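Quick heads-up: it's one chain on its own, the form predicted alone, in structure tokens.
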Amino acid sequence: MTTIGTEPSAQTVAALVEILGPFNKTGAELKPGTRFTEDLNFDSLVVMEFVAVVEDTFDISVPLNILPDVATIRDLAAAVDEIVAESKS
């Protein structure tokens, strides 16, 4: 996977921001650079719940081994775009 550094689609970022709404207990501004751990205080349980919703929304399976490299909304959006593209090929 070459997700880090790849610019994700605006639609994917917008969808993730919408999904994040109920998970945003800190009231942090949700933008591409928002960090899951530092800004949103996500712990491992919240991450798994959030990833499950993302998988359902995009009809994909997110490999758990990429999660350590996914720090921001932008990182996750790029990963989702790549997974969606791979699933269509």
Partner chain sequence: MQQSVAASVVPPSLVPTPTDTPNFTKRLANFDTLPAALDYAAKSETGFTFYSGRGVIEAVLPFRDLRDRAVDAALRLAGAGLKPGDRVALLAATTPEFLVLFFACQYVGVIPVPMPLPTAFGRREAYIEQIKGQMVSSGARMVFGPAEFLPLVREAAAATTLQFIGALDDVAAWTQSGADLHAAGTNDLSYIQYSSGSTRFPTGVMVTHAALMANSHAMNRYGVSNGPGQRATSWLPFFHDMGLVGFMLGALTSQTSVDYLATEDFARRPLTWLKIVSDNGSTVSYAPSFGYELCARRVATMSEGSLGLDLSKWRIAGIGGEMIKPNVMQAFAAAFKPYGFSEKAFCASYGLAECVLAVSFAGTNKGMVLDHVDKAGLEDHRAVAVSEAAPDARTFVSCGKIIPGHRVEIRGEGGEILGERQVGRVFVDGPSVMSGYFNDAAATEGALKDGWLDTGDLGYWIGDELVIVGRAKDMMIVNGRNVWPQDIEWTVEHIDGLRSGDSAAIVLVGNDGAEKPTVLVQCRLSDVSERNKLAAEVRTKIQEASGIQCDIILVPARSLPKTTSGKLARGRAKTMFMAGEIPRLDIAS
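Residue numbers count along the first chain shown, from 1. What you see is a predicted model, and the numbers here were worked out from it, not measured in a lab.
Heads up, the form predicted together with its partner chain isn't pictured, but that's what we're talking about next.
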- Message: So, V17 and its partner chain: in the predicted bound form, are they within 4.5 Å at any heavy atom pair?
- Response: no
- Task: Answer with yes or no whether N65 is in contact with its partner chain in the predicted bound form, where contact means some heavy atom within 4.5 Å.
- Result: yes
- Do E29 and its partner chain share at least one heavy atom pair within 4.5 Å in the predicted bound form? no
- Task: Answer yes if any heavy atom of V70 is within 4.5 Å of a heavy atom of its partner chain in the predicted bound form; otherwise answer no.
- Result: yes
- Message: Could you pull out the residues of 19 to 43 that have any heavy atom within 4.5 Å of its partner chain in the predicted bound form?
- Response: F36, T37, E38, N41, F42, D43
